[in-house]
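Coming up is one lone chain in structure tokens, specifically the form predicted on its own.
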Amino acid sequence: MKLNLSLDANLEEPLHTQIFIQIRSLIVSGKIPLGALLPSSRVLAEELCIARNTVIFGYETLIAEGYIESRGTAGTFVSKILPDDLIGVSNDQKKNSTSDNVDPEPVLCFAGSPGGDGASSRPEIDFWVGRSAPDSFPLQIWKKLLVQTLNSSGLYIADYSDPAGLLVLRKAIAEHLARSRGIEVDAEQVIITSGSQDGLNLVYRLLQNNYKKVYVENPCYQGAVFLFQSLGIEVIPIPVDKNGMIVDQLPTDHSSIVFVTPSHQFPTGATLSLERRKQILKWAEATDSYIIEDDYDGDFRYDGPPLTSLSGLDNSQRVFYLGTFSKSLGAGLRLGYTVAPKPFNAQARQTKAFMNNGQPWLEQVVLSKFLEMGEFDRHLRRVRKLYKRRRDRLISCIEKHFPETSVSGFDCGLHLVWHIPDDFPTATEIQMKARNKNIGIYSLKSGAAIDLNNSTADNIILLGYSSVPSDDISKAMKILQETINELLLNSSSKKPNRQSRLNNQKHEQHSLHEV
């Protein structure tokens, strides 16, 4: 697609802002269709005869505002649902967000690089959320098992396998869940998927005939919300606090679905308290409702023992459990699983067969051996130590360079939430300025999260630390300190600057353990 943009270097607005304004206008007016593929930053820069970074900054602003989205090496696309539609602003595209017109293709919010042109466009130091460390992958043992499997494959590689997944892998996963998450399940309850998003699609297909509304945490994982909306189901936000979803605010309507991330709420990082876990299970039983538990990064808890999963506490067969190996091993494997309540065993297997004929045989066999040999448990122990060191370095650097800020959501998972005070620049401003210095940090709305009430202030930054080496973390936070100071100096705001705050506080250190 060729974009007809008219840039003028003599205008007050910088060129990247002109790119943002003009592309946004083309999208909102319908001249660029929803879901359309945009030119790469390199191609557009060549067409406009400007620096590529200028285009990247314009695209980053559009991504931050929700008008476009990156799908890694696939490219940069206009969003299926515009931010104007999500907050109820009327425009010519409004009709595209109704259940009759929405394209059912799910928005893949965690797909690849957020930069839009694959790995080459990623910032030098990138705090993108949910990415495993590439150098932590157990390459040698995986390669050995891969070769062994291929040498003994026989005719299996030419045959279709069970759509629900290889039984040997489903058994290995059931044993792992009993050991690590307190979930006692039969292998027949485990369905192999290509990740949590695929599992979510499976669960909704199982429930769609009788359940027409879903309650979600707010803010919430963008991919889940967009999937539900694209399928025409009513999405109702329930607020979260430092103890996770506020379960008291769930209504007593019957036959509903609730989607939760209890181990490490996305994006706030809160852990659903044991009291609320019991409370939501009682609610589901009393209202004939079902819970979808997305345990996307539950393998990583650093401080204290992990709480038993909702599925492990469920005595009424009300919880669908979603698990994935994307965070623990790597998203490129495309392997996850869904644990369905026993009454859904036959239906889940049949529904999965309607979706596809199963995941790749080779990867399933290798993963099953990896689990059976205890290599997965050893791998988790290694990377937990690695990620904890990186998390601790990040918190230490924030304490050193930004003592007037706070962080939350760091007990487990692969990211934390950085809260910046009101007299700082906004998270979006800091994100854009940092990108100019090759540092990738993410405001709430550009970090695969969504606030359905549009009520969250722009003072939250998501920092994924798992894939960033400790030395790079130190380097990045020092650059961010300089960046924010520059923004404060250049700001025309009359709010007290950061140095005044530090002097008035007399070097008082704020606790980083507040939400």
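All residue numbers are counted from 1 along the displayed sequence. All figures in this text were calculated on a predicted structure; none of them were measured in a lab.
We do not show the form predicted in complex with a small molecule, though everything after this point is about it.
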For this session: State yes or no: in the predicted bound form, is some non-hydrogen atom of Y296 no more than 4.5 angstroms from a non-hydrogen atom of the small molecule?
Result: yes
Exercise. Should F127 be classed as touching the small molecule in the predicted bound form when contacts are defined as heavy atoms within 4.5 Å?
Worked result: no
For this session: Using the partner position in the predicted bound form, report whether G195 sits within 4.5 Å of the small molecule, counting heavy atoms only.
Result: yes
For this session: Classify S408 as contacting or not contacting the small molecule in the predicted bound form by the rule of any non-hydrogen atom within 4.5 angstroms, answering yes or no.
Result: no
Seminar exercise, completed: Answer among 173-181, 204-212, 430-438, 288-296 for heavy atoms within 4.5 Å of the small molecule in the predicted bound form: the stretch 288-296
For this session: Consider the chain as shown here, without its partner, and state which of T324, Q189, T271, T268 has a heavy atom within 4.5 Å of the small molecule in the predicted bound form.
Result: T324
Exercise. So which of R334, R384, K282, R71 reaches within 4.5 angstroms of the small molecule in the predicted bound form, heavy atom to heavy atom?
Worked result: R334
